[in-house]
Every structure is written in C-alpha cells, then in structure tokens.
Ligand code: SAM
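Shown here is one chain on its own, the form predicted alone, set out as structure tokens.
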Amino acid sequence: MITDIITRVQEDGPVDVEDVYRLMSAEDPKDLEELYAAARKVRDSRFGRKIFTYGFVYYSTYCKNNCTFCYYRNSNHGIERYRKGVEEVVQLSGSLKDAGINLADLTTGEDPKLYADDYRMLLDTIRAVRDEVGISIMSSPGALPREMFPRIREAGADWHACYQETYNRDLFSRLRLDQSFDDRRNQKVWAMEAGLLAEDGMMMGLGENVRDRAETILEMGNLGCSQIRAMTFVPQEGTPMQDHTPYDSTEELKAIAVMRILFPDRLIPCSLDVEGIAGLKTRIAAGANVITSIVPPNRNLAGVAQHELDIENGNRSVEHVFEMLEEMGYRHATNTEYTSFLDSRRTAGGA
C-alpha cells in the first residue's frame, strides 16, 4: 500500500486525502523506513547534500493572546518575559550572519508594544536588520492586518511565518482562544500577495486525529507556502494543557516524510526546539532540509516549545549544529545558495 502511493506520487499521479491518510497511518517499521528512505531520496535529488540553517531571535515574549498550549500565553503570570531593543536584535542577527547562518527568524508574541504607533517598532526592527546586517529575514510576529504585508516586505522581510497548527476548525477554536481561523489562514495568502514567501506549520499531539493531520498537510502545501513544517507538542507549565500526555516524535517524522514526498520543492524544517540536538538526525533522515531554532548561548534568548532546552549548554549553537551536519555527510548551505532558492520560489509564483 505504501509503495503504491509513493510510486504514484513520484509519477505525478493524483493524490487525495485518503492517500495521505494511509501514509500517515503507517506503523510497521518496514513501511516507516520505506517512507523515510523515499523522502530522503526526493530531498537529496532536489536539493543535494546541502541543508539550510536558520537562527532564532525570539525578541519579545510578551503576547496579548491566550493560546491554551503556549508557555507565553497572556495569562501565564509569574513567568519571566523580556523584550529586546532594535540594537540588540541587530547585533544578534549580525552574529548569525557572521557564523554562516542563512536566515534570521525574527519572532515575537503578539506584543502590543511592537504593534503600537502603527507597528513602528516591528517595522523599525526588520528595517534595521536589513540595512545593517543584510541577512535574509523571516518575520514571525503573529497575525497582522492585510494592509501590513506590503509594509513588512518593503521593510526588508523575505518571509512571513504564521502557523495554523491545525486545519480542524473546532480544534483550532479550542487551541487559539478568541482568534479567527480564516484570518490566520489568510495570513499566508496575504503575505504571498505582497511578494513575501509564506510558512505554515502544524503541531502534532494537540488532540487531532490522523485524518486531521492528513488534511492539514494538504492544506498547507496546496496554499502554496514555500515552507511547511510539523512540530511535536511539548506540554508547557502554567497552561491548561500542562498535563497533556505528550507524543513521541514518530508522528512528526511521518509528517516530515509525507510533506517531502508530496511537495518535493518546499523547504521543510526540523526544529531544535522540540528535542534539541538529539532530534536532529532523525528529522533530517525523514526528509527535512532546514535546521531551525539555532540559538546562540549566553544571549538571554528563549525558545518556544522548549524555552531553555540546549541553549545555555551551547548545543543549539552554530558551531555544534555544523559539526553534526558534517558527521551526517551533509553541509550547511551558503547564503548565495539560499538566496538563489528564494529567487527561484518568487519566480515560480511561491510569493
């Protein structure tokens, strides 16, 4: 069954949600290895042995939202929060570029201070990183009004990232309290209309079923997002879901492989934010071609899913990640190679 579907996909045959459901339902170890091997073959054929790398600059952990799964939800009182100034974000982004990282992911919660004065601080931060550093920029500030996307692009962003988490509307309403499903979906559409590349993402283990996962994978890819991802949910202290039984990484690995086979031209990340450096090898072996959430130590920066994991011990540092890639027979992509990918996606209509 697995073989037939994979073969049909590779021959550009029709694929529907039932096919994706069957792939995501695979459990036999032989089927799983076949799935991962097919994904690696597709990835290596399309991208060679290069892996793109993203540095993570989580510069404000303040947020007006109250998502049930998020450590930095507005009502999680008593936790430490911070907000980095423009100069510090520029310095952090510069250090990432100097180290050979391809992109700075400028991430924030939906921070009212960044949104104040017609989004002045948000735009000033992006513009300063563009002008003073010149690294590719992913802007990840949450949901924005439609009219903001041309301004984000003009300020210097290459990407807008806004994760839907799930395309099950009922589950979405229980996860992202008092937020609009359609408005969040349209973030990706509006970004691409404005000339930005778009990233979407799903979270595994939030209460969805296998069919939900299959539908979400197809929705993310069919929207035209140039980067799509899956991450395993990690229960967060101080949230309504803190006692939720966590999944292991198997469902995430299957999702990475299925996305790679279905959408061979996309960027598919593996995040250091879930299992740290220990999870890097399995995710690359499942077909990922981007390493995200590289965080330099000793800079008072947090992650999202695991806000402390492997940061201060240096295991999420640039040097350690590059060493791991070399051990696996891969190399980190140059900035020229990354820019070439961005240009090809824009030309192909991915933005």
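Note that this is a predicted model, so its numbers are computed, not measured. Numbering starts at 1 and follows the sequence shown.
Omitted from view is the form predicted together with the ligand, to which the following refers.
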(message) Quick check for you: of 162 to 170, 83 to 91, 116 to 124, 145 to 153, which stretch puts a non-hydrogen atom within 4.5 Å of the ligand in the predicted complex?
(response) 162 to 170
(request) Could you tell me which one of 267, 234, 262, 137 places a heavy atom within 4.5 Å of the ligand in the predicted complex? (result) 234
(message) To verify the annotation, which of these, 216, 102, 108, 226, has a non-hydrogen atom within 4.5 Å of the ligand in the predicted complex?
(response) 108
(message) I'd like to check something about residue 58: if you look in the predicted complex, is any of its heavy atoms closer than or equal to 4.5 Å to a heavy atom of the ligand?
(response) yes
(message) Residue-level question: is residue 51 within 4.5 Å of the ligand in the predicted complex, judged on heavy atoms?
(response) no
(message) With a cut-off of 4.5 Å between heavy atoms, is residue 203 one of the residues that contacts the ligand in the predicted complex?
(response) yes
(message) Although the partner isn't part of this model, could you tell me whether residue 38 comes within 4.5 Å of the ligand in the predicted complex, counting any heavy atom of the residue?
(response) no
(message) Need the contact residues for 176 to 202: heavy atom within 4.5 Å of the ligand in the predicted complex, sequence order, or none if there are none.
(response) 176, 184
